[in-house]
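Below you will find one chain, with nothing else, as structure tokens; this is the form predicted alone, and questions on how it binds or moves follow later.
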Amino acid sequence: MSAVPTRLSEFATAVPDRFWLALFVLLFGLVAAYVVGVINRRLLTRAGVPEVIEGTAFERTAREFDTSTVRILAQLSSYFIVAVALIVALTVADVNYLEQFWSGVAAFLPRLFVAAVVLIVGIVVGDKAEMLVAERLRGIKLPELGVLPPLVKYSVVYVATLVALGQVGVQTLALIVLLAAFALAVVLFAALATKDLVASAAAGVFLLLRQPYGIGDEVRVAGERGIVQEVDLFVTRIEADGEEHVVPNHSVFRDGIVLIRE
């Protein structure tokens, strides 16, 4: 009956102390990873992150895989701690033939973790920026502006990708030059796409300051006759025979205004 305990005792004695210490470090790392993951998940939830990123493309994709952005970030922090604990355990165990390999991994792992977090945050921020820009531009009837929301999104994702690649040691000089060319193209495109919008805004400032006509006046503007319902920075709204005409302010400024007095 005492043979089994004796063999276990002999086995425990035969195993070097550093292996037991390495096992303890690994177990401690697993527990710490679980605790840190739970804490990070709760902190992100209490900070309102799920509400902020609700509806983004990344969050919808995560939900399709029965997870969430918050859970992914929390799991990344847990995996990072597990990997660190594994490296420390192997170092304590004095696994000499893996020393060079694990020293390289130990130096690379934090950068990889930061790169993954930066990339995920960049994608989420890009999705959110796309939603906000699309919402802001919803009332502006210019077809050219339809490309701005995805342009903003992919610009944010591109910058996040550059930062992530830089973290893992990838040379990004060519990508930075490409980003500068992209930014110049965006500026030129924005200047061409929004020239009518800028002209309408400038004309709107003039109309709001001088007030040549106001709400309730009957006017003929840009070939449209009716009662002025609203004048804002970009357009003038005129109602006639049950129809509402939306006239850009630059057309009002260019074609002139006729006040009808009867």
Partner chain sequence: MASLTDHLSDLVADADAVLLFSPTSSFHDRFEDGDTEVVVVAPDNDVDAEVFVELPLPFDNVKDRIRFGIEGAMDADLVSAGDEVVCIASVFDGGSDAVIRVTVDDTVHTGIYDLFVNSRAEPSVIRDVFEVAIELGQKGQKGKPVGALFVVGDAGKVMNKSRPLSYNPFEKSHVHVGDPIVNVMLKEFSRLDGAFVVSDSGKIVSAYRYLEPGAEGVDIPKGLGARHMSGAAITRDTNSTSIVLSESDGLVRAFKAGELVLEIDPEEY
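All values derive from a computational prediction rather than experimental measurement. Numbering follows the first chain given and starts at 1. So that the term is clear: the rigid core is the largest set of C-alpha atoms that superpose within 1.5 Å between two forms.
The form predicted together with its partner chain exists for this protein as well; it is not shown, and the discussion that follows is about that form.
Checked against its partner chain in the predicted complex, the candidates I39, I227, A32, A202 yield a single residue with a heavy atom inside 4.5 Å, and that residue is I227. Though its partner chain is absent from this view, in the predicted complex it lies within 4.5 Å of a heavy atom of just one residue from G55, G216, G48, G223, which is G216. From the list 22-30, 62-70, 40-48, 204-212, the contact stretch for its partner chain in the predicted complex under a 4.5 Å heavy atom rule is 204-212. A33 is not among the residues whose C-alpha shifts by 2 Å or more between this form and the one not shown once the rigid core is aligned; its shift stays under 2 Å. In the core-superposed comparison between this form and the one not shown, the C-alpha atom of V70 has shifted by less than 2 angstroms.
Put the two forms on the same core and the Cα of A240 is off by 2 Å or more between this form and the one not shown.
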